[in-house]
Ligand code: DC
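Below you'll find only one chain, the form predicted alone, shown as structure tokens.
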């Protein structure tokens, strides 16, 4: 099976690029951020302490998480909307920082790579989970451009609870936290191709990645 990894900071366009790329190729789109959110949601629903690494890891190992047509399913239940609420977002930070949980999620992610050609997105896909992936992309963008993108996405969903400056400040804090994490820290793989998405349309970014995939022999022209 073939693997294309897309890593990078929040708001750089990973999710939209990964979805569009997977659709174009007919490959499986694996959103690892959604997978960690799914574990966090399950932990909250089962009243599992966010400080109990052992129980959280056992929980993660027991879950059936998969994506289809832009939706995320937990044990067969569509949780696409539920995993985006603030309570789950906050809980995910605790879950994703635990080494034992990340180990279980790595196993789950690698098992999917044995079943499907993958376009996978996250922050450690090219460095930790799939160090031998055929094509590694690191999408980056300026903080201002990423905050503007996030702001537009929220407005489109009818959410105007945060100003663009508030999103920018929160994003800068998150970036620093993601870079400093003891496990799964956000960084570009040594052999990753870095694409700065400032000023680029989604179509342009996808076209660039497809060209690199063709160069690597992953797809035909």
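All values reported here derive from a predicted model rather than from experimental measurement. Numbering follows the first chain given and starts at 1.
Just so you know, the form predicted in complex with the ligand exists too; it's not on screen, but the next bit is about it.
Contact check at 4.5 Å (heavy atoms) against the ligand in the predicted complex: none of 13, 17 and 138 pass. The single contact residue among 42, 57, 34, 195, judged by any heavy atom lying within 4.5 Å of the ligand in the predicted complex, is 34. Only one of 62 to 70, 170 to 178, 47 to 55, 155 to 163 lies within 4.5 Å of the ligand in the predicted complex by heavy atoms, and it is 170 to 178. At a distance threshold of 4.5 angstroms between non-hydrogen atoms, residue 102 is in contact with the ligand in the predicted complex. Contact check for residue 84: a non-hydrogen atom falls within 4.5 Å of the ligand in the predicted complex. Interface residue remark: residue 113 is not counted as part of the site for the ligand in the predicted complex, having no heavy atom within 4.5 Å. The closest non-hydrogen atom of residue 147 lies beyond 4.5 Å of the ligand in the predicted complex. Shown without its partner, the chain has 84, 92, 96 in segment 63 to 98 as residues with a non-hydrogen atom within 4.5 angstroms of the ligand in the predicted complex.
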